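There is one chain below, alone, in structure tokens, taken in the form predicted on its own.
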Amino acid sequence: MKDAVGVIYTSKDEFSMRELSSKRSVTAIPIAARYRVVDFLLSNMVNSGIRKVGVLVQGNYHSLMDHLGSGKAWNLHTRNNGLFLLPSRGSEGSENSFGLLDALKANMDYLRRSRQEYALIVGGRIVYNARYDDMIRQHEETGADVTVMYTRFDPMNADFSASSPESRAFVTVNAQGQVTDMEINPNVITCPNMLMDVVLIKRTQLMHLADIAAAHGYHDLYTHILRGAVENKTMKIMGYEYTGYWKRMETINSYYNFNMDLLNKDVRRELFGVNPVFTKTRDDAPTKYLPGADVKNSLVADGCEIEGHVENSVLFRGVHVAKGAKIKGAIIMQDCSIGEDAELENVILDKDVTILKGGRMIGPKHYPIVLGKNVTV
């Protein structure tokens, strides 16, 4: 494949994710017992042979920076290429940029100093496992100015309760694979495909578009650049279809449903069975199932100690479930402690939460209870 420079655009904290994103970006939210959202995005690029990746960070990015470190977990700690963290500022000097185009303009040196022919821009809130080799090959063969990744839109797989300011785009693609219509955040969706927030474009052309955007006060790539190019036919925009499993992290419900999906072995096989997913390592002993432990249909990371009942749940590293505790339909993050005879159902606990002896929390399945970091109940 042709060499490409990667760009991951992370979101700032979003209230639609409640306590989970109050102190971290959506891209840094822990998922799947031992991963973060960004792990899938970086692994997709590394598995496709991309050796230089810039992460445009804004807002509460300390958790993300701590997780990424030097990029060693993804073999991106090289001298010439590797992983770059690119804090961005808005055009008025605010801490957060207004949009992707502002962030690119603020980090133009990253693009200018790169030598790769193409730039691959990836949004920071969709989890999937894919390689980009075929997408880049199609881009070259069709002579496209821009290629966008899309998937068939399924209303049953979407969460419309999100209050996210980020654009959600839908497209129509003709028989030749060219995008003929684009809608941004419509109330009534008429286009049959949803964009996966993956855009392939020549690096020099991206720099040119970022300059134009800054001169005209544009902020969003889809709204202010690509939609107009589709309508006016000023650029040849092609679509590349993704047919695998994906989940967009927009609300607590979508986060909860994704982790519950992982209890299905077919979903796990699709997400982890082909291309490896890399993450920051933590050396823990194997999980201990002590006398009284009863675990059914659950995803349990290493380093846990379980004496109670766990069912249809996801447990991260270092969780302790005491004797007599009952956990069902729960997501328990790293180093949480569940006391004796506690009862949890349809809850999400962030890191280092302590549930005292006899504690009881039962939430509705479609609106789980969420506790933030370091809470004791």
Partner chain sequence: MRSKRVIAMLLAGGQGSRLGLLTRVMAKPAVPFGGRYRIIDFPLSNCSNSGIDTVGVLTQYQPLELNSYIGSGASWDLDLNGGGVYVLPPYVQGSEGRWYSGTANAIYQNLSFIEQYDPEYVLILSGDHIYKMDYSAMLDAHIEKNANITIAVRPVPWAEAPSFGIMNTDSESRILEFEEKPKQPKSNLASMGVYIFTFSQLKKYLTEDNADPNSKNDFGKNIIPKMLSDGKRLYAYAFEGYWKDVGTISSLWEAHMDLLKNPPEVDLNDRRWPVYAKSPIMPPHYIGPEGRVENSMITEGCEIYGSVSGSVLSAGVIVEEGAVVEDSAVMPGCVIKKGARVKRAIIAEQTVIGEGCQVGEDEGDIALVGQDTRLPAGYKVPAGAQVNNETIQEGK
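As the structure is a prediction and not an experimental result, all values here were calculated from the model. Positions refer to the first chain, counted from 1.
Another form, the form predicted in complex with its partner chain, is not on view; read the next lines as being about it.
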| property | result |
| --- | --- |
| Selected contact from Arg112, Lys233, Lys265, His216, since only one has a non-hydrogen atom within 4.5 angstroms of its partner chain in the predicted complex | Lys265 |
| Proximity to its partner chain in the predicted complex, single hit among Arg137, Arg152, His208, Arg282 (heavy atom within 4.5 Å) | Arg282 |
| 4.5 Å heavy atom contact with its partner chain in the predicted complex for all of Tyr35, Tyr289 and Asn297 | yes |
| Listed range touching its partner chain, judged in the predicted complex by heavy atoms within 4.5 Å, from 101-109, 243-251, 180-188, 270-278 | 270-278 |
| Partner contact for Met194 in the predicted complex: its partner chain, 4.5 angstroms, heavy atom | no |
| In the predicted complex, Ile126 touching its partner chain (heavy atom, 4.5 Å) | no |
| Contact of Glu117 with its partner chain in the predicted complex (heavy atom, 4.5 Å) | no |
| 4.5 Å heavy atom contact, Gly303 and its partner chain in the predicted complex | yes |
